[in-house]
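One chain comes next, on its own, written out as structure tokens in the form predicted alone.
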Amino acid sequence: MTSTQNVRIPSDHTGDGIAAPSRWRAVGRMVATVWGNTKARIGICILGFFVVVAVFAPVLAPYGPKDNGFERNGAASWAHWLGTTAAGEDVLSQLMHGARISLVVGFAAGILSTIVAVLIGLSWGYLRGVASEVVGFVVNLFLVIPGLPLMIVIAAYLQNGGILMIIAVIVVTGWAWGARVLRSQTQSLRGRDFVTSAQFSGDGSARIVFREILPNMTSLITGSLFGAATAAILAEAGLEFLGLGDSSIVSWGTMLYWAQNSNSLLTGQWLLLFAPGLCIALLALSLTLINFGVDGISNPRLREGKGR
């Protein structure tokens, strides 16, 4: 963490024309570190491919995601590269449009989960006494309860709430582990000289936590974000597959749900299950690979001079 500490920019130097370039240089070094990792570079390329497909799905998709005027349970052909569903919809078109939901839910839930984890983890690690014990009890309570059953129970109770409901369920059940990790790191930084100096200078707890400690945990928070986004993508697909989401939308999870309902394996339409399942796995894999590069920001020993 000392290397990240050295590039931290104090808040009172933001207007003198020197700090801003230093901040951009620090960001540039982080980006170069991540891109310099072979695994992370592969992950970025895979993620970039899915982002392009999701953004330009209306242009790239040969048909609309809900156009159902085609042959039902059609095999792969030049007109329908991945075949058609039991409702007569083009599988490839649904796959392209479904990327949007997975990306939106994954990153929205991942970002919100990380924000909650940062707020609670840093506060829990810095505070002492009764307040710390209360926060610790709540965090440990969420860690003890199995995440998947809790997610299923909440989603079943709030069924038909749409995408926002799925995001809320993932956030509620997915922040605790990140909070515990950040708490441990905050406790290790709490006794550092720069924190002690800020305390003697009369800075308040909130300023010390968010202006002194937080910038030194950038790589850890970034890694937590990618981990939370990966878990959110898998959770969204799982909830949709179980029918606990919004079955009227087109996502990779709902594609799996309708493929199961139509007994696609029994009818020989294995692509209906394989295609969205492969996309979910590749998207989760891309975020995991990017995390290898993020680890190199805080630990120089994990960096690559050349791809290995």
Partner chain sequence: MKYIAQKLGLFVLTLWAAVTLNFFLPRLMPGSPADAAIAKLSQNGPVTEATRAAIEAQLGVPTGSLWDQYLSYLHQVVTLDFGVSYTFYPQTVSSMVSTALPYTIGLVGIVTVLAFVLGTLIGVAAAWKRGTWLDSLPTLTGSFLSTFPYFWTALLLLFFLGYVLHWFPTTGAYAATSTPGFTAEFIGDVLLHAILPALTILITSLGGWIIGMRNAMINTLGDDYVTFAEANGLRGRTVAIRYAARNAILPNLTGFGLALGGVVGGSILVEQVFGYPGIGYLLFNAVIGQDYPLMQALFLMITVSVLIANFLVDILYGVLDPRTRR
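These numbers come from a predicted model, not from an experiment. Residue numbers count along the first chain shown, from 1.
Below, we turn to the form predicted together with the partner chain, even though it does not appear here.
Of the residues given (75, 79, 145, 131), 145 alone sits with a heavy atom within 4.5 Å of the partner chain in the predicted complex. Contact annotation: of the candidates 164, 206, 156, 87, the single residue with a non-hydrogen atom within 4.5 angstroms of the partner chain in the predicted complex is 156. In the predicted complex, none of the heavy atoms of residue 30 sits within 4.5 Å of a heavy atom of the partner chain. For residue 210, no non-hydrogen atom is located within 4.5 Å of the partner chain in the predicted complex, even though that partner is not displayed. Using a 4.5 Å cutoff between non-hydrogen atoms, residue 260 counts as a contact of the partner chain in the predicted complex. Shown alone here, residue 64 lies farther than 4.5 Å from the partner chain in the predicted complex, counting heavy atoms only.
Within 4.5 Å of the partner chain in the predicted complex, a heavy atom is found for every one of 141, 237 and 270.
Annotated contact segment (heavy atom within 4.5 Å of the partner chain in the predicted complex): 240-248, selected among 65-73, 240-248, 51-59, 30-38. Of all the residues from 269-291, those having a non-hydrogen atom no more than 4.5 Å from the partner chain in the predicted complex are 270, 273, 274, 277, 278, 280, 281, 282, 284, 285, 288.
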